[in-house]
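What follows is a single chain, given as structure tokens, in the form predicted alone.
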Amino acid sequence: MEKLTIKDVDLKGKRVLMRVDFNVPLNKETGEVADDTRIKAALPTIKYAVDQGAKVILMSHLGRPKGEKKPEYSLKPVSKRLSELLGIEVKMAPDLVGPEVKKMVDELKDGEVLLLENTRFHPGETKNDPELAKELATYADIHVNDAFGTAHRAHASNVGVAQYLPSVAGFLMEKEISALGKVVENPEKPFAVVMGGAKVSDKIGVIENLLEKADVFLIGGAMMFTFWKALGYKTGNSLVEEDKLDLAKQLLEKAKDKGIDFVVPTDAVIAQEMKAGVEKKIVSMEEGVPEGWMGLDIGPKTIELFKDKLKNARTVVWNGPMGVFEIDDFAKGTEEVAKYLAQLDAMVVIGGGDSAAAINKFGLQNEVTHVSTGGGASLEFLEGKELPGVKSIADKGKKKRRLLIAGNWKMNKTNSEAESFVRRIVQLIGGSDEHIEVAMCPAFTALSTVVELTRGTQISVGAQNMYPEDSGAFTGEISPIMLKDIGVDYVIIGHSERRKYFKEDDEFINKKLKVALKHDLTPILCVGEVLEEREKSLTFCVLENQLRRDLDGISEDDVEKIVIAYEPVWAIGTGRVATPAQAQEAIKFIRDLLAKMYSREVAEKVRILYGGSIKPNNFLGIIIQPDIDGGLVGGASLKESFAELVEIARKVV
């Protein structure tokens, strides 16, 4: 799983809306931050954005105010501590959204930091309210998600905002995805899992998922007694999930069938009360726990057994303590396992929650490969679930089709202007790229020049129009044979300006498509709705009507050769642009329609571009969408910044 990160985007002068996890404990007496571990964990990402010259707007929740503004859950103490750690003033907003907040955002200078008030002061946060997400998105150019601890929740500040802004991972999120992803997807063998905690029911999904991958499985914590009882041994007053005894037996049987070394503790530390200073004993599994006593830690023989089972491991995941580690009398099992893992020559990943608290208690957090900052999030990740807060971050390297960045120059640039411009673009773009194709579509007068200058580069050349006849008395027109003769590869057909100004209808466009295909020219077929049609919710009807008429009589083999460009007419040359969500929705509709008209296999092969006021500052949000295969670029293709669009596309593939 590879995601775009903060290092993949240009931050200079950009407004960066960053979701962090500042859900820290506060001192009840002083109101100050009692433990700044989570704040420190976010510092690398915040500092990087500041150093890059970004305007940084931070979002976090704190506690559970349940949609109400409660002073005891204000982030003001966090703002103070963050200012001290960063060495610069962190401005504190009075709210999450609103006119006053918007004013503070607008006044923010490059390199400055603003902390918004608790996201959970608004009920729309946990409901992933699109209106709240949309308002937050107006504050920024880029969304950075660095809060893995909330990645299992689909909230407005992490998932909702990503529908309106390109979302990339911060360094902490990147580290979590990398470490946990490796153990879930491709752990180096032998792979050992150490599973503790109170209840089997809390870890069923993790156990079942990791049983498919592990070589050794060690069970500790209170859940061990559910397994003891399932095996027929006495458990006294120990915590046992009576309704999970059959499940425990099934897990033991499944591990046996798979040849996994599934190890249940052979002894335990027991006491009559769960508190410091009480009498404690060590009992073997065969002896069992007598009535009136409860198991509170793994025993010394189990500690040595676990060490022996772990000694050859190359990858280890540890989730859940071995006993009641908060009380020193029952912390030895957890401490000894922690110390052994810290000196092991292996990739050691500690699940969040109590496991992270335990490794921190013993001062070993820097001695292992990774300590997760997420409790519930790390559990769900280890279960193999797709976390909404991870899914919403832009993917890298998942494009199914070769991208096409095509520039439509329209009626611009003389032949000499085209020559100097193309020479510069060739320099800026560099060598060939198997994942990205670039096309330039100049005026007819510059076609031959551009073909010559781009020969041997990754840049193809397209014409902006052609007449659907090989030759004849058609004054002022250009035939497909003429285009092929000078080395043209693409031809734009059905552009909204041809439809509007030159009254080209779908029947004529259909004829053009067939003739272009006959002469081995690749058509870029443009479709799209006008503003009135969009406002009347007719977008899909318009697209379906255009495509069914334009593609009438065109075979499966031929339709795969066509590039389709969705160009909302209301966004061409107006400065307006469809949101990433709107562009993806329309292009997915086109792909699904092609699947109905032809087949899903054919639909997945057709490249579909977005066109309409594309610029470097909005292209990332467009190109990361799963069904969008590039852009048909108008005004921005006339400037050197056209090369920036290509560079942005390279970050995605």
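None of the values given here were measured: they were computed from a predicted structure. Note that residue numbering follows the sequence shown and begins at 1.
One more form of this protein should be noted, the form predicted together with a small molecule, which is absent from this view; the next part is about it.
Interface membership of D354, defined by any non-hydrogen atom within 4.5 Å of the small molecule in the predicted complex, is confirmed. Among heavy atoms of K203, some come within 4.5 Å of the small molecule in the predicted complex. When contacts are judged by a 4.5 Å heavy atom cut-off, A198 counts as touching the small molecule in the predicted complex. Although the partner is absent here, I481 lies well away from the small molecule in the predicted complex, with no heavy atom inside 4.5 Å.
In plain terms, the part of the chain that comes close to the small molecule in the predicted complex, with a heavy atom within 4.5 Å, is 319-327 out of 139-147, 319-327, 106-114, 257-265.
Of the residues F306, F225, F381, Y566, just one reaches the small molecule in the predicted complex with a heavy atom at 4.5 Å or closer; this is F225. For the options L296, V289, I405, L96, the residue carrying a heavy atom within 4.5 angstroms of the small molecule in the predicted complex is L296.
For the marked spot (G494, L517 and L551), a heavy atom within 4.5 Å of the small molecule in the predicted complex is absent from each of the three residues.
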